[in-house]
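Okay, so here's just one chain, in structure tokens, the form predicted on its own.
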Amino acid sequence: MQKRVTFRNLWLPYLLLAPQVTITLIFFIWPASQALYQSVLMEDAFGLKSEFVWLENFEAIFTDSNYLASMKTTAIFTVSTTLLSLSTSLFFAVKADRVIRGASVYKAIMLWPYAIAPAIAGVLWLFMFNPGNGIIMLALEHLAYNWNHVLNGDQAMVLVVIASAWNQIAYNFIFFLAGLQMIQQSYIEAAAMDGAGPTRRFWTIIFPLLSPTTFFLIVVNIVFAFFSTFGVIHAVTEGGPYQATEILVYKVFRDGFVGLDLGGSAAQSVILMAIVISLTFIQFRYVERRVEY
């Protein structure tokens, strides 16, 4: 029988919830409602008055080839960043779980990148891939590979994917390592006694038991790729070259703050929010069925 928590003071539960509710209203509900309101408005060229235009901003967006290209770019960027970040962090977590001597030092080093802001992470990788004297650029020159992300859109995409994934690896590493340490060793030992090798033990026992952690991190990393990577894009490529790395969240910024198309930018933010909410719903509705708790 479960015990129900009761409060003698009638107002105490509401006082405890008030800070979080206030933050949600101020930093999420209010901006979202303002974006929804501005998405049906269009300002004149001088920003002196607004006109109610119904859904014309949304119609213009979906007939804009640049916006459709940004959607494709965002899909490629999100999938690439999520896969690279999750696979790398899982690899390091598995290795860290096996370390006996110096384990605390190894884990501490792995956590350091999480303290770096996305924009700073982007600048660090930009220095290493600098076409003039970057350390990785010099190594690529010795391999006779021509690297110039300033002119090559595919190379620019690779750079921002690496920088964004690297910035998220430490966060994923923490959860994967915690998940690995929660797995009972008796399962792995029993499989080893039955003749299962390390690779088979990982894919048949360890990875399925990590499915709740993996599912959670997939949701978090997709949201991260959609929104929190703005700093990386802005610091490294500014959406270039030729809009090759202009993801949706950066296009919202460019059209709204640079192009001063506030109505169109607000409509784009509404669409972006709807896409993220829909993807999260789909993941919880269909992908979670494969999760083994």
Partner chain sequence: MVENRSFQKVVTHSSLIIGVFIIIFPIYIALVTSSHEQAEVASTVQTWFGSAFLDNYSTILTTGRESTGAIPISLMMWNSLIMAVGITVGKIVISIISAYAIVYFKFPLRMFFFWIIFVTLMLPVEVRILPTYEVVADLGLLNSYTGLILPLIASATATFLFRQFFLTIPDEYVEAARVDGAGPIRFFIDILLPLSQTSIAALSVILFTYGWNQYLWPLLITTEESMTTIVMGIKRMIVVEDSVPEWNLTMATALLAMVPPLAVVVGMQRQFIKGLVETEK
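Remember, predicted model here, so these are calculated numbers, not experimental data. Numbering follows the first chain given and starts at 1.
Just so you know, the form predicted together with the partner chain exists too; it's not on screen, but the next bit is about it.
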For the partner chain in the predicted complex, the stretch among 70-78, 152-160, 207-215, 110-118 with residues bearing a heavy atom within 4.5 Å is 110-118
Residue-level contact is defined here as any heavy atom of the residue lying within 4.5 Å of the partner chain in the predicted complex; does Ala32 satisfy this criterion? yes
Partner proximity in the predicted complex: Tyr37 to the partner chain, non-hydrogen atom cutoff 4.5 Å: no
Contact with the partner chain in the predicted complex for Val99, defined as at least one heavy atom pair within 4.5 Å: yes or no? yes
In the predicted complex, does Leu143 come within 4.5 Å of the partner chain, counting heavy atoms only? no
Using the arrangement in the predicted complex, list in sequence order the residues of 247-276 with any heavy atom within 4.5 angstroms of the partner chain. Val249, Val252, Phe253, Gly256, Phe257, Leu262, Ser265, Ser269, Leu272, Met273, Val276
